[in-house]
Ligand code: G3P
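As a starting point, one isolated chain is supplied in structure tokens, in the form predicted on its own.
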Amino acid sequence: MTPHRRLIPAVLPSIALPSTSLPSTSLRATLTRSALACLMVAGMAAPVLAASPALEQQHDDLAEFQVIAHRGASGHAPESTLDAFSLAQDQGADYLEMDAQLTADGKLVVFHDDDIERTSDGSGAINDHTLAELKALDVGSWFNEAHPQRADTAFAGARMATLEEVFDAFGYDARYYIEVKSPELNPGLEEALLAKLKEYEMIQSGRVLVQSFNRSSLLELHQQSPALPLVQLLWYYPDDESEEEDGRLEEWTGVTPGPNRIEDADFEAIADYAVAIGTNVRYDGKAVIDADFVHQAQDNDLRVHVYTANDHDDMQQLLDWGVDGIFTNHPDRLIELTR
């Protein structure tokens, strides 16, 4: 199954981009169909809509299978650190996946958990601490203790990275798959993230996808920047209160019905603002989606990225289903199967 995006021919010259590791391909400018619809309603002509040529290249590339390094190569190095992202980049991952959160003083940091205890030597909520306080923490030694077979003395003392530091480290040599993390705990996160993406021209350079479970956050981002490619995250689980014998699958935030009840219109509604869905494949070891779910989403103009597969057999099954991308802690394993 090979869905396609609806593209708009270029009518404007491409914008100037920073000189570091610029994409070399010059192609027609494009917008997603949702951006076109939004601006046409406002009465704007198509020439005003044209985005940079690199955005079309990004959409074209999404037609190919994407290796998404989950918090970097987090099976080999401390998650969400520059070490993990550098290793994933060296292994050949297509996207560096990460979570963006705000510190108490409004700085964007790359960190997964709402609480800092699991992967640092600190405690408390991440957004109760200033950047300086978070920078004083060790976010690497825990990995050596948890994974002695992959321990590296160089990981000890690793510092939490800001989003700016990640962009400075990899520039346009990487693509970034950024989650708007816990927006209810990070008020102002969407505005801060969008400002940073524009500062580094990550949108126009076709370097970023932004994901969230929170549909309202994605819609806010879409309204502010229609050209920004978005991914709606989904999480399916069995409803313990269901009277059905095998339980009834629900989606965590209610964006869609359960997979066995989903209709084309549900996927179409997501495709109005997003280019892809990111979904779990299992809950407690039991599959919650199947190949038919994948194909139905693709038939409704959505790419399907699934999380998180680390075993060769799981990866191969998903590849056989025809998914468009896989989140993995071991990009090297996935690349062995796909390249």
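Remember, it's a predicted structure, so these values are computed and weren't measured experimentally. Start at 1 and count along the sequence shown; that's the residue number.
One more form of this protein exists, namely the form predicted in complex with the named molecule; it is left out here, but the text below deals with it.
Colleague: In the model of the complex, does every one of His70, Glu179 and Phe213 come within 4.5 Å of the named molecule, counting any heavy atom?
Modeller: Verified in the model of the complex; spot residues all in contact, yes.
Colleague: Is the gap between Leu189 and the named molecule in the model of the complex 4.5 Å or less for some heavy atom pair?
Modeller: Although the named molecule is absent here, Leu189 would stay clear of it in the model of the complex, with no heavy atoms inside 4.5 Å.
Colleague: Is there a heavy atom of Tyr307 lying 4.5 Å or less from a heavy atom of the named molecule in the model of the complex?
Modeller: Yes.
Colleague: Contact between His112 and the named molecule in the model of the complex at 4.5 Å, heavy atoms?
Modeller: Contact check for His112: yes, within 4.5 Å of the named molecule in the model of the complex.
Colleague: Are any of the heavy atoms in Asp99 no more than 4.5 Å from a heavy atom of the named molecule in the model of the complex?
Modeller: Result yes; Asp99 sits at the interface with the named molecule in the model of the complex.
Colleague: Of the residues Leu108, Leu233, Leu197, Leu230, which one places a heavy atom within 4.5 Å of the named molecule in the model of the complex?
Modeller: Residue within 4.5 Å of the partner: Leu233.
Colleague: Quick one: find which of 70-78, 221-229, 122-130, 135-143 has residues within 4.5 Å of the named molecule in the model of the complex by heavy atom distance.
Modeller: Heavy atoms within 4.5 Å of the named molecule in the model of the complex occur in 70-78.
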